[in-house]
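Take a look at this single chain, the form predicted on its own, given in structure tokens.
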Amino acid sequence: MIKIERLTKNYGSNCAVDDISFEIQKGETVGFLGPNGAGKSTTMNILTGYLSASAGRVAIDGIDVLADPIGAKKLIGYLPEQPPVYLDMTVDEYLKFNYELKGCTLEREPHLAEICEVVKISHVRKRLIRNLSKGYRQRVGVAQALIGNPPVIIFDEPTVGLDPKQIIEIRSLIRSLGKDHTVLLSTHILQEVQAVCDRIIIINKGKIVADEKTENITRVVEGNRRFNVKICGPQREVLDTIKSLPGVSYAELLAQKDGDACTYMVESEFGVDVRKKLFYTVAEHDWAMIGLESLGMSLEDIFITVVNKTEEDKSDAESGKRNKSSAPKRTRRTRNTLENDLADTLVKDAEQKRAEAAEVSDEDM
């Protein structure tokens, strides 16, 4: 439904989007992530026909955005970060205005009534938009994006500035829209992506650095076996004993103390639960285990690690050398080992996809 091929956008000497390619299939809900200045908004502005590209091609359901911008825009509903609402209009007036502006051919009253019911604004249709809360203004913005029932919906930071209840409601709405539409969601709230998206694309410095299905990442996250344990006993002996247990892949002494107890971070091999064996081993040595805390691996951890890794790799490439002693975060096993392993996989997969896309493009030329 959305196809981007070798898209590039330059602002003078600054390359905001650097030769990116990806496809989004019909019915997919995709999270588009990246730090500030990564190229997300530029990419979405090109997708919606607001900006032109320096090179590359963007197509919506086979329609080239540059060759037929009107035809492509008819297939898109767009909600920018700041909803494009007119404060002196009522909700009803604003939606009717957008209906006419888009040249919608669906029967007006039933269509607008259905949209208002979906986004839960039916009871405020007669109110001035300026008198609505930020959450309701956001809903009105979503409603205008749905006018004409476009097959592609693009959201840019749809929950920014909303309270927790409103965030949950908007997430639920996006999840329901994903059943019948292709949705591209840009956000900095990574729990949002994990909650509603089928796939995650991460962009940094204008390049795609990760592209993976959410379920594959979630499976690794949920399969993580990492925990902190507090044990009263001689530090060196306790640490050596933990490291010797079958199934323990890594252990380290942390700088946290609780009386005569020390805290140890333990990672077990994938699919192995060593907690019972650890408990019995500690008891056999007559040491006291006074705490056990499971440590999750979050999408935020993965996102930060992917971004940091690509920035470090770029810095290494620019300097023309890779000094292992100057990069302890990537060479020494730390509590970020699991995130680093997953980040390595995601970045390598993205590089392979980028190379394959370049080969296909070269063959077509």
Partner chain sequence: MLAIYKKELRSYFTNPLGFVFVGIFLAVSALLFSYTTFLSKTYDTSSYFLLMIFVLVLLLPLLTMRLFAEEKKLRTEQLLLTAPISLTGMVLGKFFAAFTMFFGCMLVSCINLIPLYAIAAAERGNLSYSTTYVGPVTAQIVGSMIAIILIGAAFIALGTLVSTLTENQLAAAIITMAAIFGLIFTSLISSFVPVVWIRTALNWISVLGRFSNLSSGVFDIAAVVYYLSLTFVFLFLTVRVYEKRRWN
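Because the structure is predicted, anything quoted here is derived from the model rather than measured. Residue numbers count along the first chain shown, from 1.
What follows is about the form predicted together with the partner chain, which we do not show.
None of G291, P84, P246, P164 but one reaches within 4.5 angstroms of the partner chain in the model of the complex through a heavy atom, and that residue is P84. Here the marked residues R226, C232 and Y264 all miss the partner chain in the model of the complex; none has a heavy atom within 4.5 angstroms. Mapping the unseen interface onto this chain, R275 falls outside it, with no heavy atom inside 4.5 Å of the partner chain in the model of the complex. Using a 4.5 Å cutoff between non-hydrogen atoms, R125 does not count as a contact of the partner chain in the model of the complex.
In the model of the complex, A283 stays away from the partner chain, with no heavy atom inside 4.5 Å.
Contact between A113 and the partner chain in the model of the complex is not found at the 4.5 Å heavy atom cutoff. Residues of just one listed stretch (196-204, 246-254, 90-98, 169-177) have heavy atoms within 4.5 Å of the partner chain in the model of the complex: 90-98. Contacts of stretch 132-157 with the partner chain in the model of the complex, defined by any heavy atom lying within 4.5 Å, are made by Q144 alone.
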